Ligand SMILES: C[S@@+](CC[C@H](N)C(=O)[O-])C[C@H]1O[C@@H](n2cnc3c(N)ncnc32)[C@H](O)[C@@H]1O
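Consider the single chain below, provided in structure tokens and representing the form predicted alone.
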Amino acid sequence: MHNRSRTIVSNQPGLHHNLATTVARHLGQRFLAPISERSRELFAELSDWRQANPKPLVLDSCCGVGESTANLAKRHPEAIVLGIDKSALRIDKHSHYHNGVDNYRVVRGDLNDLWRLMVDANWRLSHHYLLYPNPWPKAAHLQRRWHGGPLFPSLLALGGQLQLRSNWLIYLQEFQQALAVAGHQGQLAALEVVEPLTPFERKYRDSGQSLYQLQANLS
């Protein structure tokens, strides 16, 4: 029997009233938080890995245990796939989800630093996946969501075919509106899951929750 997951509860009934203003402010200023030495060392290592594998790059941000990264590597045999998550506990569980393909890596890293380092080094993605990011459903937490935070311009600058999935429709509707503020068009649709990419996707599907997908071409 599968564990049933709780649906998202929020005090925000629709798009956040400060969304457009917040996005525009972040688009107009550079995020200047210091980048850690550990992030710089990791990025140097990843740069060597990419140079040794001169193929299109697929990024799986917030990859969790990396099941999605392994699945995406299988779906993108023409590319190398990089999964990044901030949690050592989740990354350390990845060996359980390895599926035999070898065109990917899963690493622990800080996306707040690594996205900026990638942009500064002129990295451009072929595809970028954000699968079930933390929705931060309280209205007061808008700026903790990727589209409401100061890293949104870096996400856009990485380019590629962007795909987000969530079980909270408002999150994707907000992201779609944030893309529009930045001059991009996003396609939002209900998602019918046959082969789950992540443990969360499997759990939400098996709990009967509605799932959604947002896609945008940032190239």
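Sequential numbering from 1, following the sequence displayed. Note that the coordinates shown come from a computational prediction; the quantities given were computed from them, not determined experimentally.
If you look for the form predicted in complex with the ligand, you will not find it shown, but the lines that follow are about it.
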May I ask you to check whether Ser126 falls inside a 4.5 Å heavy atom distance of the ligand in the model of the complex? no
Can Ser95 be called a contact residue for the ligand in the model of the complex at 4.5 Å between heavy atoms? no
Heavy atom of Cys62 within 4.5 Å of the ligand in the model of the complex: yes
Contact flag, Arg90 vs the ligand in the model of the complex, heavy atom cut 4.5 Å: yes
Mind telling me which stretch in 7 to 15, 21 to 29, 207 to 215, 193 to 201 gets its heavy atoms within 4.5 Å of the ligand in the model of the complex? 193 to 201
The ligand isn't shown here, but in the model of the complex which of Leu111, Leu142, Leu117, Ile80 has a heavy atom within 4.5 Å of it? Leu111
Taking the ligand as it sits in the model of the complex, which residues of 18 to 37 have a non-hydrogen atom within 4.5 Å of it? Please list them. none
